[in-house]
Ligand code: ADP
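So this first bit is one chain, no partners, the form predicted on its own, shown in structure tokens.
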């Protein structure tokens, strides 16, 4: 490298930011570096500003070394980096300066600059954490209470009580949320602990890249110098024998050093297909916590929390409707809420059950396909203690006719089947019979609150 240092100005800063964007990628740049602005460069002190304290702390802890390294590579003699808080359109907030000097450990732990295109620091290979995913924002219920309690224990103590913590469950049930929450809490309690969160897919990518650059020693050193390693969706290394081999050795090295490991997957360790038996055994040797599918009550609680966070007034009937109808996962349910709020804001309509049925028509139909008319008939028959065959029989006694009408009403409300299709499922009845049943049940719901509650209970039973 040339020892002649260059002047630093606005153009220099622009080039530096472009280089940083190439290194960290678009997502990390947009999340953390985009709002980093140049204030001044005087006496070899580079002063930068960001709009919030949170962003300042994250940049100091995770990107200060990259900024320094890029300055060094570009022959800018920067001895001190200073980052202050300056809200957009406002003034610098007094007392918010964070200063990092050349002799700080954070700037002296980088690898050889010749290897900087492959690895630079421990934070280079981790994924950004989502600030929305904290323990405070996690709604706890019966399906996830063990996973939540275990995650809190891992986050709140530096003593390793169970290793690894293995979280598993279906898509959109909160595994990633809990992992981010653990990382945030650990960093809040002790900012100096090295916490790395990344997907199994990215672990595999980093390993393959290390092989390509013939730099596996740097890869091993980085991963094995971590205090807390968090790997999301470990099922993605299924069938990747070389990656599993390296993961196994990394896992063992961290366990032997009493470093905490947190893993997530869509299945329990013993049920992971294409994973070596010895790795399955290792993954299951700590605490395995299952996150079960959400209940109606938990889904409703999550929607109420999401609505409150947005500061939006949403009628309770709409929240109950969404909780009943969208049961696959929390992400899909939150997406439905976002669409509904956006539609109401942009179009200027009120939020109602009727609006939800129109705006979310495609999503609701997708959910409906998972519930069959046969399931509805079975649940209703069990609830009213009648035979399933009575749903198709010509019997007209009130004890049979009313449950049959309720089943027709629910079939129309919950599924996407047409009236003639529903009629055929009820002993070949005409579509006008189904129309009459739907109208009758709607009238009874309006007249009798107890009857209405009974219908809602049936919906929950069918959804569960």
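Worth saying up front: this structure is predicted, and the values here are computed from it rather than measured. Residue numbers count along the first chain shown, from 1.
The following text describes the form predicted together with the ligand, which does not appear among the structures shown.
* To do: Mind telling me which stretch in 223-231, 282-290, 172-180, 204-212 gets its heavy atoms within 4.5 Å of the ligand in the predicted complex?
  => Checking each option against the 4.5 Å cut-off leaves 172-180.
* Joint contact, 151, 156 and 262 to the ligand in the predicted complex, by non-hydrogen atom at 4.5 Å -> No: none of 151, 156 and 262 comes within 4.5 Å of the ligand in the predicted complex.
* **Single option in 78, 100, 340, 330 placed near the ligand in the predicted complex, where near means a heavy atom within 4.5 Å** => When the ligand is considered in the predicted complex, the option within 4.5 Å is 330.
* **Single option in 296, 251, 138, 384 placed near the ligand in the predicted complex, where near means a heavy atom within 4.5 Å** => Checked against the cut-off, the match is 138.
* To do: May I ask you to state whether residue 321 is within 4.5 Å of the ligand in the predicted complex, using heavy atom distances?
  => Close contact is absent here: in the predicted complex, residue 321 is far from the ligand, nothing within 4.5 Å, heavy atoms only.
* To do: Report yes if any heavy atom of residue 391 sits within 4.5 Å of a heavy atom of the ligand in the predicted complex; otherwise report no.
  => No, residue 391 is distant from the partner.
* Asked: Looking in the predicted complex, any heavy atom of residue 302 within 4.5 Å of the ligand?
  -> Yes, residue 302 lies within 4.5 Å of the ligand in the predicted complex.
* Does the ligand get within 4.5 angstroms of any non-hydrogen atom of residue 133 in the predicted complex? -> Judged by the heavy-atom cut-off of 4.5 Å, residue 133 is in contact with the ligand in the predicted complex.
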